[in-house]
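Consider the single chain below, provided in structure tokens and representing the form predicted alone.
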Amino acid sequence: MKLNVFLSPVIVDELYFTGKTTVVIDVLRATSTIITAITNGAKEIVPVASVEFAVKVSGGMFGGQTLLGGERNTKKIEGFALGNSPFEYSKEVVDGKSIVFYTTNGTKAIAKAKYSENLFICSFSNITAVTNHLISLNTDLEIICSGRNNFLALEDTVCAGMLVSKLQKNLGDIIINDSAKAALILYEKYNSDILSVLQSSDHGEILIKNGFEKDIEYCSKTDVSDTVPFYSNGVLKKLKNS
């Protein structure tokens, strides 16, 4: 296996991902929230790259069965039913619903990788389930860290490092690029206290200032879900047998 990590989606063109197997990570909070929503019974998540497109897409879907969710600069968008806190996506709220979803960083990264043959969503919360599925595929892999405003995000990089570490332990020698090596070094440095990584990151500090400390605690938990969201035909759904 050859494995590449991208520390920000801005680094690479979307056509690069054509035909590839890709994993998108946005720990705080998009991929953590997507995993939570699908675990709690959401029919599908429709990730979009702009607020305007979110509103347009939702208008063409079945009223009452569609929710607009997401954030811009950590805050819920005016007119949206939901923000980007995983606690908002309870079974009572999302079960059976389609959710059109926009976030400042995460959904843009997903859109960047839309031409991938296989596209999966990962966070600490489902990392072992994602690892196991990638092992079963045994293909070359691209890992996109969503980052924050086109810069490196420590929490995404450490999560990518954890994924690299788990794949190495199960597959033995794999060829990794320099960014993957850097992610692995950061994971090995910080793996004993993931919560502190999230709290001290740039994004984590902003979330704490905005009252989302419980979100950070939630997003730091490992393997609370075996759901692997899979992108196909413009939507994210639960991968069968996950």
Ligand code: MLT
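What you see is a predicted model, and the numbers here were worked out from it, not measured in a lab. In this text, residue numbers run from 1 along the sequence as written.
The form predicted in complex with D-malate is left out here; the points below concern that form.
Undergrad: Okay, which stretch from 137-145, 160-168, 103-111, 120-128 lines D-malate in the predicted complex, with non-hydrogen atoms inside 4.5 Å?
TA: Contact-bearing stretch, as computed: 103-111.
Undergrad: Taking D-malate as it sits in the predicted complex, is Glu88 near enough to touch it, meaning that at least one heavy atom pair lies within 4.5 angstroms?
TA: Output for Glu88 is no: heavy atoms all beyond 4.5 Å of D-malate.
Undergrad: Applying a 4.5 Å heavy atom distance criterion, does Ala37 contact D-malate in the predicted complex?
TA: Outside the cut-off, so no.
Undergrad: How about Val46 - does it come within 4.5 Å of D-malate in the predicted complex, if we only consider non-hydrogen atoms?
TA: Heavy-atom contact with D-malate at 4.5 Å: absent for Val46.
Undergrad: Taking the shortest heavy atom distance, is Ser116 within 4.5 Å of D-malate in the predicted complex?
TA: Contact check for Ser116: no, nothing within 4.5 Å of D-malate in the predicted complex.
Undergrad: Within 4.5 Å of D-malate in the predicted complex, which residues of 80-96 have a heavy atom? Give them in sequence order, or say none.
TA: Result: Asn84 alone.
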